[in-house]
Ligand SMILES: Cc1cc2nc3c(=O)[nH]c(=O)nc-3n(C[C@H](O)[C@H](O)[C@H](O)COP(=O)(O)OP(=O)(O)OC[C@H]3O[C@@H](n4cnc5c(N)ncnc54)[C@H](O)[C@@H]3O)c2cc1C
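We begin with a single chain expressed as structure tokens, specifically the form predicted on its own.
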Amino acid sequence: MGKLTPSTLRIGRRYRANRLDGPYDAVIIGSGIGGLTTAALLSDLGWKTCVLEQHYTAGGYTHSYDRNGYEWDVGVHYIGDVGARTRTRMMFDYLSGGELKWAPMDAEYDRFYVGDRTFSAIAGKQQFRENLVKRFPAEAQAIDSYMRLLDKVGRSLPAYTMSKLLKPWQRLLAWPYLKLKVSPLLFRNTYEVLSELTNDPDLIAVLCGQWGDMGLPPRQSAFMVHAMIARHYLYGGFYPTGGSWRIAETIIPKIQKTGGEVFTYARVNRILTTGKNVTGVEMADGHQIECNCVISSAGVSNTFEKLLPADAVANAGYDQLLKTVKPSMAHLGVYIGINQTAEQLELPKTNFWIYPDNDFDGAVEKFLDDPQAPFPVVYISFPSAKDPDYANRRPGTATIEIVAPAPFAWFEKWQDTIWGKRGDDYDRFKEQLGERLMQYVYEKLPQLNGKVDYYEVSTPLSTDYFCAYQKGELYGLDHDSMRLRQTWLGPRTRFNGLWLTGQDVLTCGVTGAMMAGLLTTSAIIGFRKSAGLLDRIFGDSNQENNP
């Protein structure tokens, strides 16, 4: 692929009003994977789409950035379910024209440090189960029951997803079917479900060891999302060869093929409406793009609190509906660069999850009450080790990333300051947090002491600035049971011509947002045309075909 220059990571075309080539059949706000998927699928059906991204590069949480000769991803730390011809893999293949390749991580794809004990998640359904039984031999029955519950959730997901496509009157007619097919298990509390299987706190902790992938510990999360994440990684973790920026880079040509484009530095000021009809968008420079189909991948809160007129939102009832959901956890990121290779440093292709003890919810409470308490979870990822192409792009270097929770309230007093110019007190606070988190790296990988060349810290304000999440949230809306029961959270809105896509529509993560893009496209074009689209993507595959 050749050596990258800084500009290479800037995917998309810089916005200028005179570069627009309308009229467009659809305008998409936000170039996260949900927005790109929707735009690409519509483009493949002959639509001319315009994607508007406020950041300097396209991709949302799938983008990468470089600094001081190093390169990091910001949200794609690993993807599951792409090692075989699964629906997830077929979606990625279809969107990228087969250009997106995947590198497997180690068989031990996740390692959990729980207090002074260490546990592992091993790739392969049977291997995963056998490894758990080996560590918890007295809990074999509970482990087998857990695996059956994962399958039960999997059987309920198609009907739950289908319900998102239905209009209110259709959902009413389909209620007997949905009640039969959608298990109440989906909406139960994760901890409650697991505590009925076992009273071993360490086993529950290991089963919930990936709770950071949704941002809610087990006593707060819905079992459906827990099960989706567990199922997603049962066959291991994978990393996009060439870096996470390749996701957007391989999808955009499909959008451009029908005359569409993905514009960066393209901040939307507001969605234009006449009554309940959408008529286009107004850009930050005042230019208006007329279009009667606007698709928001900017998140539910941004869409209804910032982009639409307050009176129109209230008249449609969204001011009350927004009270039923809340933003997910904000986070810190630490991006580390070292002037040695991953091989020289013996960095693994395994993610580290570090917990102070096996009471995950208790650790969160302690941390929120006392900022000096241990971080309730620290996630460490090794992208340069995972990506077989990294050494070609950045020879002689290695990178590490840390992610940890941090309440947005810690940073509110700097909310109205300018990125890069927030003041010495902000920089000192960031540095203190960074030093605390770096100690986790040195503790687990002492060979790195004295070898770190560069690191920088991002805060929830960075997430707001670059990804337009107002509270620095990593996963959009919180994935609790209340949120999953909200029938208004779907592609359709109460405004004619306005649609939603992205992780607030279905579930969190890259795959959840990508499938939301398919869901939104299906809702827009209707059931009949959707059948043809699904056949083009999945062929005669009626179910996931894991190895």
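Note that this is a predicted model, so its numbers are computed, not measured. Sequential numbering from 1, following the sequence displayed.
FYI, the form predicted together with the named molecule isn't displayed, but the following is about it.
- Listed residues N302, T161, T397, S120 were compared with the named molecule in the predicted complex; N302 is the one with a heavy atom within 4.5 Å.
- For the options W245, W72, Y469, Y109, the residue carrying a heavy atom within 4.5 angstroms of the named molecule in the predicted complex is Y469.
- A residue is said to contact a partner when one of its heavy atoms sits within 4.5 Å of a partner heavy atom; Y78 meets this definition for the named molecule in the predicted complex.
- In the predicted complex, at least one heavy atom of Y475 sits within 4.5 Å of the named molecule.
- In the predicted complex, R267 approaches the named molecule with a heavy atom inside 4.5 Å.
- Under a 4.5 angstroms non-hydrogen atom cutoff, the named molecule in the predicted complex has Q54 among its neighbouring residues.
- Comparing 518-526, 39-47, 504-512, 488-496 against the named molecule in the predicted complex, the single stretch with non-hydrogen atoms within 4.5 angstroms of it is 504-512.
- Along 28-50, a non-hydrogen atom within 4.5 Å of the named molecule in the predicted complex is carried by I29, G30, S31, G32, I33, G34, G35, in order along the sequence.
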